[in-house]
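Starting off, we have a lone chain in the form predicted on its own, written out as structure tokens.
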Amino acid sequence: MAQTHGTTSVKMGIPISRAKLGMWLFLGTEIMFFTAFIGTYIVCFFGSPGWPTDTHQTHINIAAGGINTFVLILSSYFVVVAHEAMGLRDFAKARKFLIMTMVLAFVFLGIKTYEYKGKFDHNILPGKIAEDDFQAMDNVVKAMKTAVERELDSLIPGTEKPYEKQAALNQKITEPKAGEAESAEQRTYRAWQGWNEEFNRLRTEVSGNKLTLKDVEERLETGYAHTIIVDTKAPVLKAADGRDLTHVAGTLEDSQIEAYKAKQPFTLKAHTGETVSIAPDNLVTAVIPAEVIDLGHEIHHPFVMPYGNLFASCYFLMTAFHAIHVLVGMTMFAWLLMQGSALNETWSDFMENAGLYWHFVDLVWIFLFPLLYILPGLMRAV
């Protein structure tokens, strides 16, 4: 708008371009957007006694967060240099520093991907974290089910359902001929069968409240390495319905493992709770599943994390939305770089607005880093 005083015309309004004004207004809404996230996190953090602060449980990598903070601050400096070069019409220099900014942005996202992978690997995800003992034990059951089914898929490829594949695998298991050792393939099948029996036993005992969290932890530490699957010529055990059993699953003591390997008589504690003696001349075949198929490394030890799901929700909400903003900023810089040698002074306003947006992204991380990475550790030390 303009007013005329005599012969003088005076322009009134904010002395910035419409694009820059629009960017500032947009950033204002973004500030309110992230303020809501940060405010919610602060309220949840201070209003939840027992909020998870152990970085070994939460898999918060303070060093990675610190490196990312430095990376973003340095990238903001490069943006300032690129904008200054645009003003001086040194467009080659501007392109150079924009490329360096893009490289640092990729470094930031790479480190963030590494952090996310750690959380996915350890199931630190909203709705997946155990907040009491039963949930922790149930997570072990689910992890074991996943490991057993994945191994079954590798042994019996195809699109059939798990129970169909299990039936097919059972049909493949045959007794070795007299005087012949069991083949490697047969031992693998029996080992999977052993892991499946252990899974079914664990699931039954957990669902029946027959185990404590400590029991499950001890079984993960030593139990599966001592589990043995035995087939005998003559029955050595009776089922609940009175049937004679020549197939026994149980666990061995350390001394009995040595006796079994030395082909001497050994005793095992069957899953039914009975102690069974096995004579070498009665043994058809036996296998210790963990020595043939190692699924133990896929089953994480159970842990209880009060407010863990709330923590994970806040963490992923804030860092994921921030990462999306990083991608938007990278898109703006990529658009500038796509101009190549055609980059000139007409792109100065676009460069300035992209820089403003990137500084905002950097500023948000300056708040997220201490809140998510530093504050929990400080509160734990208090």
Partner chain sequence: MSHEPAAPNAVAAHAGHDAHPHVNYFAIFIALCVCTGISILLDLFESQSLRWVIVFLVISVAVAKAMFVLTYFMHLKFEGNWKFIILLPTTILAIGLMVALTPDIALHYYTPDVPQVHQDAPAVPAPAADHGHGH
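Residue numbers count along the first chain shown, from 1. Being a predicted model, the structure only gives us computed values, none of them experimental.
Below: the form predicted together with the partner chain, not depicted.
Listed residues Asn61, Thr53, Thr319, Ser348 were compared with the partner chain in the model of the complex; Ser348 is the one with a heavy atom within 4.5 Å. Screening 107-115, 131-139, 190-198, 159-167 for residues having heavy atoms within 4.5 Å of the partner chain in the model of the complex returns a single hit, 131-139. Among residues of the shown chain, Met32 is one whose heavy atoms approach the partner chain to within 4.5 Å in the model of the complex. For the chain shown alone, Tyr77 is a contact residue for the partner chain in the model of the complex, at least one non-hydrogen atom being within 4.5 angstroms.
Proximity of Pro302 to the partner chain in the model of the complex falls outside the 4.5 Å heavy atom cutoff.
Looking at Tyr307, you'd find a heavy atom of it within 4.5 angstroms of the partner chain in the model of the complex.
In sequence order, Ile62, Gly66, Thr69, Phe70, Ile73, Leu74, Ser76, Tyr77, Val80, His83, Glu84 are the residues of 60-88 having a heavy atom within 4.5 Å of the partner chain in the model of the complex; the partner itself is omitted from this view.
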